[in-house]
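Just the one chain here, laid out as structure tokens, in the form predicted on its own.
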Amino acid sequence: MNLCISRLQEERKQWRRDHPFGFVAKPVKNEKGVDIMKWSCVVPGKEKTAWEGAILKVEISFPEVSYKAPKMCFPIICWILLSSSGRFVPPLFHPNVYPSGTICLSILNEDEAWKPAITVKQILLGIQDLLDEPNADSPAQAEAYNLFKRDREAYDRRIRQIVRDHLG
């Protein structure tokens, strides 16, 4: 068994023992059984933020090999899914989420803050923090970024409306 699979199996055990309330993280089941390299997750919006009440479906994929971190695995793709079919309808309105749904978060980027010891729990908590605390230095979506920078109150109103209409 390779180190990546062993690490992810250990992550799954740790998650089952201790995970934040309202969060879900588990390997995806497919026609061949369980795919430990692809996880289906849920991140709740934080209380007392514009995202309160949101239930965000997140998919994390882990590659078998990393050239910068050999024999270790790390997430390269993390999408926010807005429908059960996996289509992005509508794209998540957020300054750090690309129209494709890919999340721009430093701990997911091996050239920034990624470290081999980062856990699935840390990734999901990082995504939750990013929701209400966008990184203005790393915009991924012009409309959301511009509204966030120009008028935070209007941005928060729009997020609350999206949560009510689509994510609650």
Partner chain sequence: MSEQDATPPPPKQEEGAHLNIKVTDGNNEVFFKIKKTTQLKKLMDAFCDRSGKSIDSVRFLFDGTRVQPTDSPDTLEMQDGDTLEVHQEQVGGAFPSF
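This structure is a prediction, so every number in the text was calculated from the model and none was measured. Positions refer to the first chain, counted from 1.
Separately, the form predicted together with the partner chain exists; it is not shown, and the next lines address it.
Using a 4.5 angstroms limit between non-hydrogen atoms, residue 24 touches the partner chain in the predicted complex. Though the partner is left out of this view, residue 152 does not reach within 4.5 Å of the partner chain in the predicted complex, counting heavy atoms only. Under a 4.5 angstroms non-hydrogen atom cutoff, the partner chain in the predicted complex has residue 57 among its neighbouring residues. None of the heavy atoms of residue 102 is located within 4.5 Å of the partner chain in the predicted complex.
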